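Next up: just one chain, as structure tokens, the form predicted alone.
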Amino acid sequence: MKFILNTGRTIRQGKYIESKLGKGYAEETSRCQIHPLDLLELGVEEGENVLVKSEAGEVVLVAVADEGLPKGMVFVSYGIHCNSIISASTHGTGMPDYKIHEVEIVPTSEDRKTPVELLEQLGGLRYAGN
């Protein structure tokens, strides 16, 4: 199914900001908030993983029901998971577009990757302290 993706910061994300590679931050930034009726149409239960695809890439996120969102719109917190599906184009502003991206979401049995695994997938090297 096609959706409109919006991104932004959350209060819970700010709670974990001191440890962006920690479990709390990773959990908060790998959530895909979606209207419960959209979850029903997708055949996905809250807490199951979904594959979110855009022109920029794809990433596995956990589905979280959010009645505050309109049907057809999803929300993902800023972070490496979000950055995996946002275009790097900045239109000369230095800031990518973090709002109103068309994405496709499908159920998946794939596991979510940690921020470190996503960074390694992009060519990053694991820090010896992790």
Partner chain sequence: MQEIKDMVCPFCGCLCDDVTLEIDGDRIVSTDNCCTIGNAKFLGKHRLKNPIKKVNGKWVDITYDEAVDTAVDILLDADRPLLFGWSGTHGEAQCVGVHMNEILGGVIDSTTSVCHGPSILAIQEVGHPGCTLGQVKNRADLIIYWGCNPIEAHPRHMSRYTTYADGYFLDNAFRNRKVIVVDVRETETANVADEFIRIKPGGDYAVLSSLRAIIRGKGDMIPDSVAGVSRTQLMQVAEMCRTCSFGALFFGVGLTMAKGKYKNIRNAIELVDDLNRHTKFTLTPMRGHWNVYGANEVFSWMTGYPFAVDFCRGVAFYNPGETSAVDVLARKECDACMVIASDPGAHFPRACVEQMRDIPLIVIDPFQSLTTPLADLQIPAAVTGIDAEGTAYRMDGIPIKVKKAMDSDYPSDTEILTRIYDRMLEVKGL
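Numbering follows the first chain given and starts at 1. Owing to the predicted nature of the structure, the values given are computational and were not obtained by experimental measurement.
Form predicted in complex with its partner chain: not shown, discussed below.
Within this chain, Ile80 lines the site of its partner chain in the model of the complex, having a heavy atom no more than 4.5 Å away.
Among residues of the shown chain, Ile17 is one whose heavy atoms approach its partner chain to within 4.5 Å in the model of the complex.
Taking the partner from the other structure, its partner chain in the model of the complex has a heavy atom within 4.5 Å of a heavy atom of Thr10. Its partner chain in the model of the complex comes within 4.5 Å of no heavy atom belonging to Lys2. For the candidate set Glu41, Asp97, Glu27, Glu104, a heavy atom within 4.5 Å of its partner chain in the model of the complex is found for exactly one residue, namely Asp97. For the partner-free chain shown, Gly68, Leu69, Pro70, Met73, Phe75, Tyr78, Gly79, Ile80, Asn83, Ser84 of 68 to 85 come within 4.5 angstroms of its partner chain in the model of the complex, judged by any non-hydrogen atom.
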